[in-house]
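What follows is a single chain, given as structure tokens, in the form predicted on its own.
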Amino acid sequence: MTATALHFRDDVNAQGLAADQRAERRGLFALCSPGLLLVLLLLLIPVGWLFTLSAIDGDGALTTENYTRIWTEGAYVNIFIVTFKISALVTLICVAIGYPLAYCLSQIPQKWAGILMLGVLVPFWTSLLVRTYAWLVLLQRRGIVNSFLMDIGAITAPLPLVNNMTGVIIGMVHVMLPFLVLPLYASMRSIDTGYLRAAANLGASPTRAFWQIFFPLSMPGLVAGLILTFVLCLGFYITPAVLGGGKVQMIAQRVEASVSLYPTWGPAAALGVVLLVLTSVFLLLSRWALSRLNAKLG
């Protein structure tokens, strides 16, 4: 067979493979299209209705009053600051607790890691309302925590652990910890331990091997868990409402209060739109940072 004939046969095979791939993609798109259409409808219609409500007054006329009220009244700005502050604190505490926990779980045999992981998953499967009221019982002035500390002589008067930001942060950290540990643990489990053994063979200490090899490779899981935790914290309602005792207000609580306070849903919708925009900006920046990180790690 001549070289021209072989080249012609390769072209025919490549065209056939490309046609098969296009046909497979069309089939997959056809299978996914009903689900995609349903998701788009369920996403676009509520969000579009939210934008519409935020831009009209009680008579149906266009207005910017709902947005102007947010930026001119200091209370609204303060609520946004408190929301982002609590979300950032909760995320950082979850990282401080969750990273060592996920690291320990990733270093033990998978059988024991699965058993110990139940300590993370069982609270995760428990009702959020039950967990929140459990913390309310534990942290109140005559609760188990204050009673224990007073019994051992660590304190002489009950600590203010609920109806303030401390109680809100404790409750939210407990609720959000699994959302950081699970993606982080999956990322750490996928790291090839051969890299650490190679580093040890080349003379690196365990600490140096961890910071220069293991930690950078675990960053995608850490960033994914961090983003997930922070974004979910922005919309928290039950835990701040119960453990904050009305003294700590986040955006979700203010939205509920606006619906009860005003005759129209415009102010509440405007708050939701602003939170949605800020969250979208944060997600876009996070995606850009994550893509840069993945490119850097190769």
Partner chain sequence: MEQHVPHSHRFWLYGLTALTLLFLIAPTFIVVPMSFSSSRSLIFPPPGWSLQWYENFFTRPQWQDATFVSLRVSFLTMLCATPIGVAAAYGLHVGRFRLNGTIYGALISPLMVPVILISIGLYFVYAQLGMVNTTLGLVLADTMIAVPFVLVTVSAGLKTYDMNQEMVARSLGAHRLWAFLTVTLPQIRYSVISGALLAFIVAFDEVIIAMLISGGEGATLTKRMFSSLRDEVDPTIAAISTLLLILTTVPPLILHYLANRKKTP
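What we label the rigid core is the largest C-alpha set whose atoms superpose within 1.5 Å from one form to the other. Bear in mind that the values here come from a model prediction, so they are computed numbers and not experimental data. Positions refer to the first chain, counted from 1.
Missing here is the form predicted together with the partner chain; even so, the following discussion is about that form.
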ask   = Can you say which of 70-78, 113-121, 83-91, 153-161 gets within 4.5 Å of the partner chain in the predicted complex, counting heavy atoms only?
value = 113-121
note = Assert contact residue (the partner chain, in the predicted complex, non-hydrogen atom within 4.5 Å, options 217, 149, 137, 165) equals 137
query = With the partner left out of view, is residue 235 within 4.5 angstroms of the partner chain in the predicted complex by any non-hydrogen atom?
reply = yes
query = For residue 183, is any heavy atom within 4.5 Å of the partner chain in the predicted complex, or not?
reply = no
request  = Evaluate residue 226 for contact with the partner chain in the predicted complex, applying a 4.5 angstroms cut-off between non-hydrogen atoms, and reply yes or no.
outcome  = no
inquiry  = Using a 4.5 angstroms cut-off on non-hydrogen atoms, would residue 173 count as touching the partner chain in the predicted complex?
reply    = yes
message = With the partner left out here, which residues of 183-206 have a non-hydrogen atom within 4.5 Å of the partner chain in the predicted complex?
response = 193, 196, 197, 206
ask   = Is residue 232 one of the residues whose C-alpha moves 2 Å or more between this form and the one not shown after the core fit?
value = no
